[in-house]
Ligand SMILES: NC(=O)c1ccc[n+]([C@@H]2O[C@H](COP(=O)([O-])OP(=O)(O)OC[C@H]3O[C@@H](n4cnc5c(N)ncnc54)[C@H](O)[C@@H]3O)[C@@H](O)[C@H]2O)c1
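One chain comes next, on its own, written as structure tokens: the form predicted on its own.
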């Protein structure tokens, strides 16, 4: 097999990371991570389909994104519903003609000790984090395969998918470990269609959900002691990783879990 020839023009950094005119679908777009990534992709010229179950926050974000000079289509969707996910993807394709990038940010960060956790709460975590990720990947991949131009799917795992934690993370950590495996196996299944599937695995980061934990110095030290860089992340810390995985800069990267965790997985 002849070695692919890459011209010097294709190696220009600005071209490697060029996303202008691409279309990205972000689920869970109204959350702290989803909003940060939406803004980061928008300033890189990406048109956005923004999905969430929080209609008012979604509309506000769409207006903000349009102010950055790109198109934004807000769509309500419960990612645990196959019919709603399929409808969301159909509307996105009807509106923009394609989906180049999927970022599955919808998730449930429920913490509860297993002996106290009801089967209903366990199922909610699995339904949103695992089934929701699977349904969105499946629906978008179908369109990507039909279009025949490939694409980039980026899931959201977690450092908890690699490392256990005693404070009620059994359900959440198990769901994220499942997302990691799902990411890898989908990458193998869809590689022949030039669909790359990767995941980012964040450490704890500042958001409305984590502020009560991180604002308490004693409690925060339990988390920060595991992070070599010595701080919790902020949502903007993950934008660069998403831009990399969405762009031609990562054209030979698939089935990879990219830890953005201040070094936690190194220990």
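Numbering follows the first chain given and starts at 1. Bear in mind the structure is a predicted one, so any value in this text is a computation, not a measurement.
This next part talks about the form predicted in complex with the named molecule, which is not shown.
Contact annotation: residue 198 falls outside 4.5 Å of the named molecule in the model of the complex, judged by heavy atom distances. Among residues of the shown chain, residue 134 is not one whose heavy atoms approach the named molecule to within 4.5 Å in the model of the complex. For residue 54, a non-hydrogen atom is located within 4.5 Å of the named molecule in the model of the complex, even though that partner is not displayed. The closest heavy atom approach of residue 48 to the named molecule in the model of the complex falls outside 4.5 Å. Among 106, 99, 154, 186, the residue placing a heavy atom within 4.5 Å of the named molecule in the model of the complex is 106. Of the listed positions (112, 78, 143, 86), a single one reaches within 4.5 angstroms of the named molecule by any non-hydrogen atom in the model of the complex, namely 78.
Only one listed stretch (187-195, 70-78, 144-152, 115-123) carries heavy atoms within 4.5 Å of the named molecule in the model of the complex, and that stretch is 70-78. Residues 202, 203, 204, 205, 207, 210 are the ones in 198-221 with at least one heavy atom within 4.5 Å of the named molecule in the model of the complex, listed in sequence order.
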